[in-house]
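In the block that follows, a single chain appears as structure tokens, in the form predicted alone.
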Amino acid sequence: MPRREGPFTDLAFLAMATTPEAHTLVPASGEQLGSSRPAAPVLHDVSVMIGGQGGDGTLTVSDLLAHYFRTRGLYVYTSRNVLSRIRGGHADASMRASVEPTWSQKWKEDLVVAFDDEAARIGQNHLVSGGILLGDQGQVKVSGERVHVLPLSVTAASKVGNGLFKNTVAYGALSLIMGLDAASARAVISARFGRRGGDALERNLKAFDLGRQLALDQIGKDPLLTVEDGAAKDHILTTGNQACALGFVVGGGRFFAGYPITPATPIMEALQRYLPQFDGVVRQAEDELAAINMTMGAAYAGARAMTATSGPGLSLMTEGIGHAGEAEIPIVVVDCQRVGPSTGEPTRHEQSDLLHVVFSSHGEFPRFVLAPGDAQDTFDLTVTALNLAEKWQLPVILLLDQALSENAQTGPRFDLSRVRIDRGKLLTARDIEGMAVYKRYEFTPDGISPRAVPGTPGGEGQTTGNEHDEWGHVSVNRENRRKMMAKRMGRLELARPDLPPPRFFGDEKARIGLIGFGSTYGPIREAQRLLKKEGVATRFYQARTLWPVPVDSLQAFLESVDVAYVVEHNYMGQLKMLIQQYLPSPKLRSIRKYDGDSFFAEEIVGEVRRSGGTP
């Protein structure tokens, strides 16, 4: 089947929760199952890598497995390794399913599916001892006791009519090899391809059945491994990008402008599908300059407005964001970080935009920088960002990263009952009637000027990117400049009680601290679990507000530990640098990774050991 980029984009399907049934092996298409070999090992934490060339559909197999295991009550996490091209070049995807909560990749794979020999050779290096490799016959040349080759491509081409269906054939074979319930595995295909029409669904179901039959004929009747069912019922499987889009809709967002750029594009794609249903507008601009200006225009007119981009696009938006800061226009900018500078590695992971979003611009203006750690947190902080932007009348930057943006993870359904909308000092015509005079940029004790959108009777005002007086008229008066700068910049201190607090995990009495932001949340949590099994207690400070630097909570955290490891994906240790600027401390140590891949928990554990952080 043709390749689809990324996890399922139908949010209605993502929200579908199927109650796990008893795990029984059900025959498909007349299979006769029996028992002919010793019972397969039962895993409680399994990881499958699917590799091949770009366009082979590796992500599709990962997605199908992920949605199947979600229905079995398991916690799921998917990751990807793809090039920035439509076809060609090595690509792989991993799917992890566990009975315990999981938020990151597994260190080693239990099973590898290889559509070519390059993927097989790469996959063998990632396999656990005794792991299984399933290869495409004629394409894979490696051999071994646990290597099984099936004619995946040939079967798809000759019996389904298109070799691209080899991915669904492989999924069918995996369903037998891993002891999946055939009915449930087929239901995932129906949910995925049903909306495409009868032919697409019929051919994918046929490919699935052919794959099961191949495994039955050439490997045997019994599974090579099975996976324990879990208790994570009524969970959804979603990405950070999809959670951001949903948070925008639920949080009252009604205008989005953007220009396609990896890995931010899925936010716009999701909103194009759902925002019009709520009388919202999505505009694909001709470039990022137009996108930021459209976003400002909509916010100025009274809509809750947002744009999303990545590093190169953010660079183009910088002047516009500064304009919003000067003109006190409330906007939300989502930065889905990737490897930079310049084009960098568009499909790979990094967290190197932090200093850019904190300090970028000519001149100075206030902005808040928020960083969610997982999909649920992304949903919540998107709503928070909209509220903060309107209450404090400034730009709010929501800092995501490639792993958080595009990797899928299970979690509870989003709690809509907690959503609150705060539009700040937004005036109505009646409010203005009761005022002696309306000044758009009036000096007030809390630094926030009451705001009326254009067209509100009595709310006449002027907005400009120039320095201005209380009326909005251009001004170069020195005293006015001092007061206006103090008014705007003072919000960084006045707003601190409103900003998202950190989240803490682990032992409150631990003397070893870990600090991180964004998708390092998952590997750090799992590193804590590994260290705890070794008798090493840790405490994790998940930074959710990055600017202004949350000095008070960080200082208390540093005082509570003997050493604090700052875990981040960049060369310079940007978060550590930012903290040290305000809290110089010999306790701060750096754990950095900047090769384009996410952290494994074991890497963090190893760095803690090597640097003497453990007893």
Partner chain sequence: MTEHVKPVPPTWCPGCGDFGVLASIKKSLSDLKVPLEETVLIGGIGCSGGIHNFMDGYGFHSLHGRLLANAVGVKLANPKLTVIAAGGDGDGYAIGMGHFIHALKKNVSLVYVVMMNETYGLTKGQASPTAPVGYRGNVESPFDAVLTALSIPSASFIARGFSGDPKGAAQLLTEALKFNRERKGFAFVEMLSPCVTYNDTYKLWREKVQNVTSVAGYDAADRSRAFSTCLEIMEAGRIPIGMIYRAPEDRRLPSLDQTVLPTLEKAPATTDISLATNLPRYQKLVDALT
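Numbering follows the first chain given and starts at 1. Everything numeric in this text was worked out from a predicted model, so none of it was measured.
Just so it is clear, the following notes concern the form predicted in complex with the partner chain, a form of the same protein that is not shown.
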Inset, instruction - Check whether V536 has any heavy atom within 4.5 Å of a heavy atom of the partner chain in the predicted bound form, and answer yes or no. - result: no
Inset, instruction - Consider S361 of the chain shown here, and say whether it contacts the partner chain in the predicted bound form, taking contact as heavy atoms within 4.5 Å. - result: no
Legend entry - the partner chain contact in the predicted bound form: G344, any heavy atom under 4.5 Å: no
Inset, instruction - Answer for H67 alone: is it within 4.5 Å of the partner chain in the predicted bound form, judged on heavy atom distances? - result: yes
Inset, instruction - Name the single residue among N81, N480, T456, S449 that comes within 4.5 Å of the partner chain in the predicted bound form, judging by heavy atoms. - result: T456
Inset, instruction - Name the residue from S143, S158, T464, S190 that puts a heavy atom within 4.5 Å of the partner chain in the predicted bound form. - result: T464
Inset, instruction - Among 219-227, 434-442, 171-179, 349-357, mark the stretch whose residues have heavy atoms within 4.5 Å of the partner chain in the predicted bound form. - result: 434-442
Legend entry - Heavy atom distance at most 4.5 Å to the partner chain in the predicted bound form, all of V249, G297 and L416: yes
Legend entry - in the predicted bound form, residues of 314-346 near the partner chain [heavy atom within 4.5 Å]: E319, G320, H323, I329
